[in-house]
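One chain comes next, on its own, written out as structure tokens in the form predicted alone.
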């Protein structure tokens, strides 16, 4: 078992840290809103730190899952950031979905202090975090990955090293491009079927056994038909992720016209007040169009 720290107890980090404690690791947590960290400590065998630096002190591995590039910089290299407490030889694993550029930036700063860095964004959403079945895409050295993977396994169904630092974030970008396209296709298919007067529950039951099958269809098809979106991965979060994709595409020259179009569709959902709706709410703009 390892001495670990977890920074950021949001909808993903809270259960992920819980799985680490359940696996028997010695866990110290930090969260910007202290009451949430106190609640976590009341539910799990762990302790709360006042700052990221204090959380990282004496930890063999430090994990984080925060909001964006700026949040990551703040908790790692800002005042009282984890860098102040990290010991040489430790490993920092970041589960934030952020840019590949910030991953490389943070990695360089930690490397100068003798600390290895792994960018490790996840897929699977809140339910995957709660059930400990996330997919984790990592970028870093083989040595650092070998140290971190047995601990990550506490909340992962799949965990793979995709390449050097930044490769984890680039893989997550591929994931989000594919997810956005599948949701838009599913939204159009369901909308078309409803307008055609089909029994869409029967349609879903049949086509889910064929080539159209997807996680989105299995887990979101029925709620899309019902117009329920008060759960899951929020539109605001998807727009943040797609923004990262579009910035990277502008840098590397990739052509992503569908992604750009669907990002615009999500902007329309935000204009409808659906900032916190699940990403499957793309169908709503078709209904209201």
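Please read all numbers here as calculations on a predicted model, not as lab measurements. Positions refer to the first chain, counted from 1. Between two forms, the rigid core is the largest collection of C-alphas that superpose within 1.5 Å.
Keep in mind that the form predicted together with another copy of the chain is not shown, yet the notes after this line are about it.
Engineer: Only one of 259, 64, 28, 31 comes within 4.5 Å of another copy of the chain in the predicted complex by heavy atoms, so just point that one out.
Structural biologist: Answer to the contact question: 259.
Engineer: Work out which of 87, 160, 146, 112 lies within 4.5 Å of another copy of the chain in the predicted complex, going by heavy atoms.
Structural biologist: By the 4.5 Å heavy-atom cutoff, the listed residue in contact is 160.
Engineer: Is residue 130 a contact residue for another copy of the chain in the predicted complex, using a 4.5 Å heavy atom cut-off?
Structural biologist: No, residue 130 stays farther than 4.5 Å from another copy of the chain in the predicted complex.
Engineer: Would residue 101 sit within 4.5 Å of another copy of the chain in the predicted complex, counting heavy atoms only?
Structural biologist: Contact with another copy of the chain, no.
Engineer: Answer yes if any heavy atom of residue 108 is within 4.5 Å of a heavy atom of another copy of the chain in the predicted complex; otherwise answer no.
Structural biologist: Because no heavy atom of residue 108 falls inside 4.5 Å of another copy of the chain in the predicted complex, the answer is no.
Engineer: Wondering, does residue 141 line up within 4.5 Å of another copy of the chain in the predicted complex on heavy atoms?
Structural biologist: Residue 141 lies outside the contact set for another copy of the chain.
Engineer: Residues in which of 33 to 41, 241 to 249, 47 to 55, 65 to 73 have heavy atoms within 4.5 Å of another copy of the chain in the predicted complex?
Structural biologist: After filtering at 4.5 Å, what remains is 241 to 249.
Engineer: Is any part of 116 to 145 within 4.5 angstroms of another copy of the chain in the predicted complex by a non-hydrogen atom, and which residues would that be?
Structural biologist: The stretch touches the partner through 135, 137.
Engineer: Do you see a C-alpha shift of 2 Å or more at residue 88 between the shown form and the other one, with the core held fixed?
Structural biologist: No, residue 88 moves less than 2 Å.
Engineer: Quick one: core overlaid, is residue 209 moving 2 Å or more at the Cα between the shown form and the other one?
Structural biologist: Yes.
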